[in-house]
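Single chain ahead, written as structure tokens, the form predicted on its own.
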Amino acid sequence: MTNELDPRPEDLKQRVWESIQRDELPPRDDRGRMRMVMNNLVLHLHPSKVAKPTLKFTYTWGLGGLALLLVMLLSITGVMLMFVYTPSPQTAYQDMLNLQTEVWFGQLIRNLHHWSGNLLVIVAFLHLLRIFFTGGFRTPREFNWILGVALLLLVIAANFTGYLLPWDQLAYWAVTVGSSLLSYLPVIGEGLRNFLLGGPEVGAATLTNFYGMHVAIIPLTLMGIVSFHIWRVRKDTLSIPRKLDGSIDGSDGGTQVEKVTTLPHLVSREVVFALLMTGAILLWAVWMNAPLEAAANPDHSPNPAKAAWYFMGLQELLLHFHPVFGAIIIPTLGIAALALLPYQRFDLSAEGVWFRSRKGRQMAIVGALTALIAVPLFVILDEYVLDLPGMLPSLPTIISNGWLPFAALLLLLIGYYDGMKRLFKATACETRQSVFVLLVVAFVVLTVIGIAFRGEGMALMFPWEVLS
């Protein structure tokens, strides 16, 4: 059965398959083969015409195009860096020093590569949020949403493998801490960690493995999925921005969509935006050098030893939950929930409307404020007041510091969902969005706490104390 707002089959398996295999095969004739060629990725990155409202910058913020630009910058600068870098503990750090003093514009190239990689993580994350908040993941774009989630994970993996290559103290211990999260995977965790590191600890084999993944395996996979992702955007069409009343943005309330040619209307905007962003990134790279600490020393651990910044939210979770929950269960459930979002039933037609509705916007603000207030309070409470393992010494820590706080967290989320839905008399779509905002802001707050408020021994401190 289907409904008017969401005319899709109830069977989840059928819906997943339909989202992957969107089009029927063309007929076996010359015209069919020609249509297949004309739909080729290389020949048609853009349609010949696009809906005029989609050109509005404040609808997409150019995030998809900026991500592609950053991938291009990373590819170019990465190839240039390969000419002066050797993945060996004996030479890697010296190569970084040579870039600063011996290679013309070497420091600038490394700066561009480093900051573009960090910015790509942020842009890919923001692009995912933009798609969610404008409903761009709904039919027929469900599978492209999953590709987007996969691309975000690949971007993080690319940054993580590249993080080790300078072979300084910051890189060495960040990778040591980050890779230790794999050890908490049941059965396969330790073996998988040893496989990636090339042994029980970070060493020469790790550097070789990470270099191979960083310059070959991950980029090839990333480019393949990016190509398919762009092709699916082309085939599934872009979502069109709409007003709160559902009318097309920029129209007088009608449903007729004005179309304009891709050349020059869309391409000219893309070129100008790419030039501006390239200039901005170049200025930042000139002004701010990529960090480089002392050479890696396996015998001297810094205090505190922190993971890369994009893993600090997970490291913060580990301080409050049993490792199985903080490193495995909660992140896995979060990724699974992201992947399943487009396959939920929708009771509100709001594609192209920022934050679904006026009520949805209010509920999103409540979700963000709740996270901004509640998460620091819970962190302080757990740091200075609560000690569940000490209060329940007879229970295994996986129960006292795992199942119990996890169950409490789930009950709070269920209570929040039910309370918001009743309080605002909202639809399921609006309420799910509020919960999503709550969880995203909560993770961002945990990341900020881990980066700026954790000092020696991972104790809570003010930022100026951490820096000193």
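What you are looking at is a predicted structure, and each value in this text was computed from that prediction instead of being measured. Start at 1 with the first residue shown and count on from there.
Absent from the display: the form predicted together with a small molecule. The rest refers to it.
You can rule out all but one of 412-420, 395-403, 57-65, 434-442: in the predicted bound form, only 57-65 has residues with a heavy atom within 4.5 Å of the small molecule. For the chain shown alone, Thr237 is a contact residue for the small molecule in the predicted bound form, at least one non-hydrogen atom being within 4.5 angstroms. Using a 4.5 Å cutoff between non-hydrogen atoms, Trp145 counts as a contact of the small molecule in the predicted bound form.
Taking non-hydrogen atoms only, Met277 never approaches the small molecule to within 4.5 angstroms in the predicted bound form. In the predicted bound form, the small molecule stays beyond 4.5 Å of every heavy atom belonging to His114.
Taking Ala204, Ile217, Leu108, Ile230 one by one, only a single residue has any non-hydrogen atom within 4.5 Å of the small molecule in the predicted bound form, and it is Ile230. Residue Val155 is the only one of Val155, Ala285, Leu292, Ala296 with a heavy atom lying within 4.5 Å of the small molecule in the predicted bound form. Proximity of Leu192, Val324 and Ile328 to the small molecule in the predicted bound form is absent: no residue of the three has a non-hydrogen atom within 4.5 angstroms.
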